[in-house]
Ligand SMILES: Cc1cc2nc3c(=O)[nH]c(=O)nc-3n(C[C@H](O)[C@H](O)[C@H](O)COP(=O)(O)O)c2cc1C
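Shown here is one chain on its own, the form predicted alone, set out as structure tokens.
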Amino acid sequence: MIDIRKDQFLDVLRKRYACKKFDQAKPLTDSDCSYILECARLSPSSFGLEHWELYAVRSALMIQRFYSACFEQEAVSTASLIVVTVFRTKEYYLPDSPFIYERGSRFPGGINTFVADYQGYYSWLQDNGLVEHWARSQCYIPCANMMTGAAAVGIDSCAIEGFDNHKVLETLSLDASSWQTGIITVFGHGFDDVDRQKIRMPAKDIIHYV
């Protein structure tokens, strides 16, 4: 049974592809959208901080605004669901910040235990100018989980990294001093006649056991 489950999961990954245009005659249901967002919500994050918030976009008007903010990519204009993942800016991750207190207090041992563990890594990030880079990178985890979860139930997707951050934040009425755009992910049903050949390097060329 374990080997069967492995094959089933790998088959999902083999079939997933970056859909560049969705069939607008086949919209996602409310249940589909809730499921995709739950895949994101359950995602792990560094120190369990959940650096992100998710904006689910479904209205035609808002989709058109994001189409403009994403340099008029057809995958955006034809999507049935757009998920904008934004992350908090560097001030939020100070060890004594209200955000760290709120998130860290949830874990066993309480906030003092959490900060004692977190402080060293935060200091390294801060010393190397990597705090916001670290926070942004967390956004790719829910993105990947949403895309894989969607593929498992026959929903297509595409990760969008080409966007105007200022326009995205303006569209969401978010303050750039507190928020930045991590990644945008679009979902829908692709067309059945699309060539979905999987292009990946052979395992022997990129996987090294040391």
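Just so it is clear, the structure is predicted and the values come from calculations on it, not from any experiment. Counting begins at 1, following the sequence as shown.
The next section is about a form of this same protein that is not shown, the form predicted in complex with this ligand.
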So, L169 and this ligand: in the predicted complex, are they within 4.5 Å at any heavy atom pair?
no
S137 within 4.5 Å of this ligand in the predicted complex, heavy atoms
no
Report whether the minimum heavy atom distance between T78 and this ligand in the predicted complex is within 4.5 Å.
no
Partner contact for C33 in the predicted complex: this ligand, 4.5 angstroms, heavy atom
no
If the cut-off is 4.5 angstroms on heavy atoms, which of these, M146, I155, A69, I160, is the one near this ligand in the predicted complex?
I160
Quick one: of A40, L28, L49, I183, which gets a non-hydrogen atom within 4.5 angstroms of this ligand in the predicted complex?
I183
Contact check, 173-210 vs this ligand in the predicted complex, heavy atom within 4.5 Å, ordered by sequence, gives I183, K198, R200
